[in-house]
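Read the single chain below, which is given as structure tokens and is the form predicted on its own.
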Amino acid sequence: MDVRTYIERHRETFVAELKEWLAIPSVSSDPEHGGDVHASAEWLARHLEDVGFATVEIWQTGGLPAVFAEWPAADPDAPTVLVYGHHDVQPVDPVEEWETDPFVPVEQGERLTGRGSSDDKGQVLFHTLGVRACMAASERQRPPVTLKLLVEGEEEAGSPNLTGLLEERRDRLACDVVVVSDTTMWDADTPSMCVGLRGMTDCQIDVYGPEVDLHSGTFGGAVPNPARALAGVLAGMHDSDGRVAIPGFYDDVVEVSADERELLARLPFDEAEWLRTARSTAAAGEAGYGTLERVWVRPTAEINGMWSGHTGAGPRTIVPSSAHAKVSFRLVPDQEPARVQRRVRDYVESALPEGVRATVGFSGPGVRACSSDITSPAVRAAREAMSRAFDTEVLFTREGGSGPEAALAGILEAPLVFVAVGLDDDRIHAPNEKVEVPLLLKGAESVAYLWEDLAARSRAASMSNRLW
């Protein structure tokens, strides 16, 4: 039986299993659902044992549990693949906007609605169908690669314990490549692979002048105004071409290759439709780059909010004693958040006029950007596997957001490959989250081909370290 036939014959069982898992309200950010996150981990552990994984463990953290599983290949020289995903889900508020109960999954034609259906339970579960299809097609008793799964329970809460878990369990998680199934494709008719996520760091800038608010008639125009000083700092963060003007900000930026820019340009991007989605009347940003490049592969400085002095009804003519702003920075390879933070602090200090002072407080160490080398054997294998499953060419995308993938790649010292079939219209953090079941089946088919291809490439290379 070939891979595609096996998957189609087991479609109903797969959907029934997914529905059962989706019914567990594993909302990690709500303490009242802590028990449900534990129940979700236990359900997944039982399922993985039933599938045939030789080792299945629930790993406790300082917060909510992760699930680890391993299924060794028969060939001890076969490559090792770690699949990363998460079993926790977003809150469902506002619940009144859901057309169905968020934790009673509903099938409507090819669509399955329920919280977690796309992000990320559906995309985790297609791996178990895919490995079964792979073995059935080749009449194997074990997968062609040593397959490991790490499915965390706190991704939707910011993965606060993931780094510690990766460091503590580094030996158990050792692998040749990390496969991530927690992103999206361009659309259902344009299958694509994500090859990078931006990093991020954010801060609050607090500017102080006089010790108290002052009468603007008596003191205005004669003492430094913190609101004006902050406005100057913020305005000076960009030049007339839309580039970030903080000295040294671009020093470590890795430019996207001409090949990748060409592939991005081939995506069927409709800027007018994109602007309608954004409810904006114009696109803007760094000169010399298109809209997709601006949101995927270029770094940014964004003013998120500012406040100072009197903002209530009626006049209150003062020189305010302080002014404040929140600013975030999206980063690209190889920008280190700590280095960017130092440059931001140096810039703010240098841009302030005499008589005012400022503090710049960052919310944390920041998140590094991550990317995949589109010429690497692992990415080529994944692209070919997806193209085979979808019966068409697979293009490349990136995503403008940030996630824990850089920590995975950095701590485990393994390249990242994104194999995912979610869609932007799956409403993953909104009411009525859904997933297209045929796409989940294509995801299963893709990884079934991928495991065989990675094993074959490794054998051809004779040594896995030559391949990776």
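All of these numbers come straight from a predicted model, not from anything done at the bench. Don't overthink the numbering: it's just position in the shown sequence, from 1.
Quick note: we don't show the form predicted in complex with another copy of the chain, though the next part is all about it.
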property: Per-stretch contact check against another copy of the chain in the predicted complex, the hit in 139-147, 370-378, 352-360, 245-253 (non-hydrogen atom, 4.5 angstroms); result: 352-360
property: Close approach of residue 218 to another copy of the chain in the predicted complex, 4.5 Å, heavy atom; result: yes
property: Distance check, residue 315 to another copy of the chain in the predicted complex, heavy atom within 4.5 Å; result: yes
property: Close approach of residue 308 to another copy of the chain in the predicted complex, 4.5 Å, heavy atom; result: yes
property: Contact label in the predicted complex: residue 178 to another copy of the chain, heavy atom within 4.5 Å; result: no
property: Contact assignment for another copy of the chain in the predicted complex, among 278, 74, 272, 265, heavy atom within 4.5 Å; result: 278
property: Residue (of 188, 223, 174, 106) lying close to another copy of the chain in the predicted complex, criterion heavy atoms within 4.5 Å; result: 223
property: Residues within stretch 219-238 having a non-hydrogen atom within 4.5 Å of another copy of the chain in the predicted complex; result: 219, 220, 221, 222, 223, 224, 225, 227, 228, 230, 231, 232, 234, 235, 238
